[in-house]
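This document starts with one chain, in the form predicted on its own, laid out as structure tokens.
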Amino acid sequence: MRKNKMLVAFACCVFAFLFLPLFIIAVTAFGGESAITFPIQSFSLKWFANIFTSGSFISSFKTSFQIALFATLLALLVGIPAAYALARYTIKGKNMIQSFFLSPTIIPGIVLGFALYRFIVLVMRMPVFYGLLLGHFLAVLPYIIRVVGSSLSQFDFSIEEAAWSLGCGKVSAFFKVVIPNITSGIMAAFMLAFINSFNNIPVSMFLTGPGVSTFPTNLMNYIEYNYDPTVSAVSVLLMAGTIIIMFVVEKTLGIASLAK
């Protein structure tokens, strides 16, 4: 009984450590003072209005959304067939190929960003937007392969072979049999890759250029010269957006299905 009480107390401390900073940030977003203070002295919504009147915030948000969406979709187009091949067939050097695909998750972000800068900007001399897209694609591809590969590891490939024996072509069986059975894994991979791309800072710091800035880097630049609660308001909106997305996923797919 004593051990259970101690475990409950420890769990409460952990949750307090995780959620108390979020609560403080949420409260400071509604303060009327010109600097971030807690507790707040007055109530105001002007910092939320400041977000939507700032052209740099809006343009950088659009850029981050486009980069994250396109990079994730490209990663899905490449990552799903790659994960399928690694799970379905015995390939020579399979472990080495898996390590190669997952290497961006092992390398520190700042090192990956500098390496991509050297290759994309200095060697290939790509336009800023397409360089960002390529960098984010390479950064999120391992997440797609890992999550989709986990779903495929639990898939019974005898079902696909049965479809072959009934006259279904390999490509047709892949889209009609395999894909529908790993939809939850694909959705989980999409969400994980999109969030990682949208919030990515190391790669974006090295690949942004004149006229093109991502939302996280723009937010960091704003914090460097300003200390008003606009940053807290942005955080509240991002938290609210995440909650809404998770609510929609729960009502459509179910959170439990994403863990399969």
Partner chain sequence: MEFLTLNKIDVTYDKKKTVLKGLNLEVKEGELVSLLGPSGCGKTTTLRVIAGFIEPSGGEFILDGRNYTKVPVHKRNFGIVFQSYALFPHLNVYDNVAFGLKLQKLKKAEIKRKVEDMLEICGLSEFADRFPGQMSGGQRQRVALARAMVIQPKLLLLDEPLSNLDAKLRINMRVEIKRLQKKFGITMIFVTHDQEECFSISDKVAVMNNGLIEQYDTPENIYLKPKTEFVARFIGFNNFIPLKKQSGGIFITERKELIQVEQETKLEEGLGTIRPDDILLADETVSENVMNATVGVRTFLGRSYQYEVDSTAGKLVVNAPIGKVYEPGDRVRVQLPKNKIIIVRKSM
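Keep in mind the model is a prediction, meaning the values are calculated, not measured. Numbering follows the first chain given and starts at 1.
Omitted here: the form predicted in complex with the partner chain. The next part is about that form.
Although the partner is absent here, Pro127 sits far enough away that none of its heavy atoms falls within 4.5 Å of the partner chain in the model of the complex.
The partner chain in the model of the complex comes within 4.5 Å of no heavy atom belonging to Met96. Not displayed here, the partner chain is approached by Ile159 to within 4.5 Å at the level of heavy atoms in the model of the complex.
For Ala163, a non-hydrogen atom is located within 4.5 Å of the partner chain in the model of the complex, even though that partner is not displayed. Shown here without the partner chain, the chain has Lys176, Val177, Pro180, Asn181 in 174-193 lying with a heavy atom within 4.5 Å of that partner in the model of the complex.
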